[in-house]
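The data below hold one chain only, encoded as structure tokens and taken in the form predicted on its own.
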Amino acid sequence: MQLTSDQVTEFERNGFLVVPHFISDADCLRLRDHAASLENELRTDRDHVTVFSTGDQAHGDDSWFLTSGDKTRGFFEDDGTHLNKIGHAMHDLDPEFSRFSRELGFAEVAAGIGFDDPRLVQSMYIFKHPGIGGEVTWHTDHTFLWTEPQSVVGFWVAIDDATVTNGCLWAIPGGHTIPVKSRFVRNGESTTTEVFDDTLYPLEQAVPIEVERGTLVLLHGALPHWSDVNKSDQPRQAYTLHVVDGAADWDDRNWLQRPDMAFQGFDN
């Protein structure tokens, strides 16, 4: 799928772009079924119950998380029973996730927003189980996937319909023009957050991004975005692929490192 010039302009203006009907229901449900089978397998690994929370970032000091950049691993909700997400290299390691990431049109979209040498650095399947799925606090992706110059873009796909009630994305239109306020830094076997500016984002300007299954939402790396807990009886599953420019410098202080596996493009 080729983006129109109006869509590119909208992305550049707002820092996000909603593309409805990008992925077919059939492809979404196929990935959903596959993720369910992986979830069943990963939940049985009780030796590694790492809770993923964007609130306290405690997982940042857990080797299970820090060594997952070239793995497929499960991360739990606070209850220690349900998975919050699967990450972070399914796009390279799992044939079904690779097919979804490389054969359904993302490469054309990446080219449309200016990528000459796109590199797939992180994939996440997020569950947001009914009544359980946790909050993802306000953040920017550049904070966690830092390049010089800034280049990361999130390709977020709604596997289920996303509403205000079940924890849809929220974003601040034009918020990508605000200088990034923090950086998540790896220090050996632990992490810290370097804060550049502790003032709040203008949250009164935030808008919900309610979308139907199969919608692609592009997220500029400097765009502040958030999602609430799932307060409904409906799931809000999503797949996120993060892409950077191969010409940009991937900093060795990023938490995500792949010493034995180079970042690949869409054609690998």
Ligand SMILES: O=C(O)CCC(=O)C(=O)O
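Everything numeric here is computed off the predicted structure, so don't read it as measured data. Numbers follow the displayed sequence, beginning with 1.
Note that the form predicted in complex with the ligand isn't included here; everything after this is about it.
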In the model of the complex, segment of 73 to 81, 131 to 139, 187 to 195, 107 to 115 with a heavy atom within 4.5 Å of the ligand: 131 to 139
Hey, in the model of the complex, is F97 touching the ligand, heavy atoms inside 4.5 Å? no
Is I126 close enough to touch the ligand in the model of the complex, meaning at least one heavy atom pair within 4.5 Å? yes
Going by a heavy atom distance of 4.5 Å, is T215 a contact of the ligand in the model of the complex? no
Check whether I159 has any heavy atom within 4.5 Å of a heavy atom of the ligand in the model of the complex, and answer yes or no. no
Scan I86, I172, V121, L169 and let me know which has any heavy atom within 4.5 Å of the ligand in the model of the complex. L169
